[in-house]
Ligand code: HEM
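Consider the single chain below, provided in structure tokens and representing the form predicted alone.
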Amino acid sequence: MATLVTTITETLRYRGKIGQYSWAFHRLSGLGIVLFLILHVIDTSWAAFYPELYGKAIQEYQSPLFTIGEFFLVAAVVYHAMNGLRIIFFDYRPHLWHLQQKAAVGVFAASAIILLPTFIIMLGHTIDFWDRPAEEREVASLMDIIGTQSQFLLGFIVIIGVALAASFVMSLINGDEREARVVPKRPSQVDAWLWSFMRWSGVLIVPLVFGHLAMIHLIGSVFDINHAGAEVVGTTAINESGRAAEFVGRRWDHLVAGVAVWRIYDGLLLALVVIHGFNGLRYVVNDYAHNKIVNRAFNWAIVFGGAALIILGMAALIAGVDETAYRIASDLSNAASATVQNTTSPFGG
């Protein structure tokens, strides 16, 4: 904990060099992306397994709170990608390290150039959504958002708590000292492979992630996912029911030369981003969690959590979204609307 406090305070006090700020922004943006990634994979899997819950998740994403968060998320992704490419370049061209300060400035400039038109387009989508008639806008309330996100938070706490308990039991079995610190070791072959993976996976991830952002946030928008009659981006299909589950199902079922291209695209993106992001999270944990029990617990949670996330996402991609899911989501939505009408009308609807 002391090292974390020192990092924060010294970063705020730092003067004269841009490298420290680049490092801090890269780490913070990465942590934010991983947090959203966890939520995004889980709720997207609901399109296949719990379509009514996925519909509610999209309504939360369309709320003003999440809309603001969407702008920050896109900014984090763009900066993290640009700065990651800078890191990769200098890792393989160390003789050009004397140019790293100019490159860091260039990353901030390139990010701003990309984000300015991106934000303008995203703002246009937001304005168009709120210009729709009220009956075409289904937005979750703040209390609904708090209720859902508190469940995710509780889940995180339970996972960490179980990992800490398991790590403590392991320390008793192994005879570890309770306050023993992690002793740095020489990098293993696995560490060397993961270092290389972070570089080449980063290069592959950038076009995949930028393509995903372009489709979902620029060409289309999160506000189109549950909009009846909206075109399903990346396909020739139309979301006829206006259900969020149908949007995902039509997209995943789109075939090009008999190949479900978007399932392959999303599966590749899922595997690369989860492994890349969770390994980056492991680096952060090893930097700050020096107590052996705590370090082991967090590393276990990272490994098993990342594996579970990939399995869940792949299971959803393989299962797909069938017509039954569309009907269930539509029926539940109609039932909810009827309930509201019966409640508000003195004549029972």
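Numbers follow the displayed sequence, beginning with 1. It should be emphasised that the depicted structure is a prediction, and the values quoted were computed from it without experimental measurement.
The same protein also has a form predicted together with the ligand, omitted here; what follows describes it.
Taking non-hydrogen atoms only, Ala316 approaches the ligand to within 4.5 angstroms in the model of the complex. Contact annotation: Met198 falls within 4.5 Å of the ligand in the model of the complex, judged by heavy atom distances. Using a 4.5 angstroms limit between non-hydrogen atoms, Gly30 touches the ligand in the model of the complex.
The ligand is not shown here, but in the model of the complex it comes within 4.5 Å of a heavy atom of Gly280. The three marked residues, Leu73, Ile205 and Arg251, each reach the ligand in the model of the complex, with a heavy atom inside 4.5 Å.
Only one segment in the set 269-277, 132-140, 157-165, 112-120 has residues whose heavy atoms sit within 4.5 Å of the ligand in the model of the complex; it is 269-277. This chain appears without its partner; in the model of the complex, the one residue of Leu213, Ile145, Ala237, Ala104 with a heavy atom within 4.5 Å of the ligand is Leu213. Only one of His290, Arg296, Lys56, His26 lies close to the ligand in the model of the complex, with a heavy atom inside 4.5 Å, and it is His26.
Along 72-89, residues Leu73, Val77, His80, Ala81, Gly84, Leu85, Ile87, Ile88 each place a heavy atom within 4.5 Å of the ligand in the model of the complex.
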